[in-house]
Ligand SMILES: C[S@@+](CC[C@H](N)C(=O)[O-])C[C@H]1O[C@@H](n2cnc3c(N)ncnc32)[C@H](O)[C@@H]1O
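Okay, so here's just one chain, in structure tokens, the form predicted alone.
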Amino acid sequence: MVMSWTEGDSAHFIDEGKYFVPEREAQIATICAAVPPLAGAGHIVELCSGEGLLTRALLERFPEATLHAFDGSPKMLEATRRTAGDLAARLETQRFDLAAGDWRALGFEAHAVASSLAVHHLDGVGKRALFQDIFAMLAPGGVFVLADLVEPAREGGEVIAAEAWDEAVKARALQLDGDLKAFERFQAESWNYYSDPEPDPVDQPSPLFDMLKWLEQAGFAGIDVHYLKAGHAILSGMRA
């Protein structure tokens, strides 16, 4: 059982993410749509930028913004820069530890902070502290958009999430390759958190309702849920 994220995990996720993330393009589009328009220059922060697909989409949607991409993996940061391509002049990358506090004083006010499929590596206490610190990073009117796994709140929820995730990966494998080999790898690696009897302890998703309450307690207004499928949710909150 994997106990921590490694550079090998980064390489593997770059290879398999297109199969294993449900409705990946729809999720990226939803995150971008949840960020309000930006008049002129500004700063957007992405926590755990990974392969850089969301990075690229945000750079395209906000053509005058500087995007600050943080990740703990040099391999992921390299992939982020490569994916940004011709837009990399407006990209700044930095290696960090999501759980640490040293990076959280940014030195500027952010128009938006976004993160996809990373914050579930923090426990509930860590999430609450992160939400409070992100609130302090934002300019008035700025928004925090979070895409992540959530923990089902009642018995049976895991079965619903697990089956939906399996079906999403099957559909993607057939769409891209015309066969189910990618889904077979998904199963063999016990990637589906909701059907794994011994999930990796690095994964610590929290109930959606708890996360919404923590956003409210941190001071966010206009809290909303924009997407929920296969245990993957996208939520946001604004600094008024």
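Here the structure is a predicted model, which means the values were calculated and not measured. In this text, residue numbers run from 1 along the sequence as written.
Beyond the structure shown, there is the form predicted in complex with the named molecule, which is absent from this document and is the topic of what follows.
S73, heavy atom within 4.5 angstroms of the named molecule in the predicted complex
Judged by the heavy-atom cut-off of 4.5 Å, S73 is in contact with the named molecule in the predicted complex.
How about A173 - does it come within 4.5 Å of the named molecule in the predicted complex, if we only consider non-hydrogen atoms?
So A173 does not count as contacting the named molecule.
Contact label in the predicted complex: G50 to the named molecule, heavy atom within 4.5 Å:
Although the named molecule is absent here, G50 would touch it in the predicted complex, with heavy atoms inside 4.5 Å.
Looking in the predicted complex, any heavy atom of H121 within 4.5 Å of the named molecule?
The answer is yes: H121 has a heavy atom within 4.5 Å of the named molecule.
State the residue from A110, A88, A162, L98 whose non-hydrogen atoms include one within 4.5 Å of the named molecule in the predicted complex.
Selected residue: L98.
Go through A168, M137, L117, V150 and name the one with a heavy atom inside 4.5 Å of the named molecule in the predicted complex.
For this set of options, the contacting one is L117.
In the predicted complex, segment of 173-181, 60-68, 41-49, 192-200 with a heavy atom within 4.5 Å of the named molecule:
After filtering at 4.5 Å, what remains is 41-49.
May I ask you to list the residues of 9-31 that have any heavy atom within 4.5 angstroms of the named molecule in the predicted complex, in sequence order?
Contacting residues: S10, F13, R24.
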